[in-house]
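Before any questions on how it binds or moves, here is one chain, the form predicted on its own, in structure tokens.
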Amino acid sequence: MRQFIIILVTASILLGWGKTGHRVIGKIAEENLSPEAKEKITQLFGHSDLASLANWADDIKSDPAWRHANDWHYCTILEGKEYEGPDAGGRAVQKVTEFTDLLNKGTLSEKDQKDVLRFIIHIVGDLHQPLHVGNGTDRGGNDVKVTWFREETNLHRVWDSQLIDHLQFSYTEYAQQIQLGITPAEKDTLTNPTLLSFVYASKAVHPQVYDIGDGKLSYEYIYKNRDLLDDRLLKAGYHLAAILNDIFK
């Protein structure tokens, strides 16, 4: 029983965006793939529907063979510090860099290409969820107990899924809605991201994310954070597309 409890606690740290959020990111990225990237992804999977690939890295957590990948979903930047690498906690940044390099070298088997690509799709999304860039003190908000419309939960879960689920959009509706009115010029500003640029962007919004008052979260918290939620999902989609386009150029 003790081992089972430990596994559950560990897993609770790692889920990012929930299934809908990751599909939103995948859908936006797919719509912004270059022809070359779309062709290569289709060669590997028989399609280029990134939304259908976006949750694989969470789905495999029940497989003991993938338990070593539990800390690939987040990173940590300690308060008052710069990013110091995986020693601070979490290997998400390291793994995106490593997997990108492996795909660029072109030496992987087809199966390994599929695995690392699915991880890139997922981890890039995770790193845009503000609490997947942890501060080293509260397990990415898992220890911040709050209520969500009177239901006991924690701040991490609110940002993973409860904010998104409350809106009751399908992932295709949400992906379409948050791209409305985006100009080509605005999109161009998001086509050449560095990995650490969006990691620091997630860290930078912590003051807003942690502004929870008495911890009884409902409509006011949604009102204050809806634009931020949309922004993180939108930029995750565009940044993911940019990374994949660069790999398969």
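Source: prediction; values computed, not measured. All residue numbers refer to positions in the sequence shown, first residue = 1.
FYI, the form predicted in complex with adenine isn't displayed, but the following is about it.
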Interface membership of Gly140, adenine in the model of the complex, 4.5 Å heavy atom rule: yes
*So, in the model of the complex, is Leu131 in contact with adenine at a 4.5 angstroms heavy atom limit?*
yes
query = Would Trp159 sit within 4.5 Å of adenine in the model of the complex, counting heavy atoms only?
reply = no
| Taking 4.5 angstroms as the cut-off for heavy atoms, does Tyr74 touch adenine in the model of the complex? | yes
Per contact check vs adenine in the model of the complex (non-hydrogen atom within 4.5 angstroms), the hit among 109 to 117, 92 to 100, 171 to 179, 74 to 82 is 74 to 82
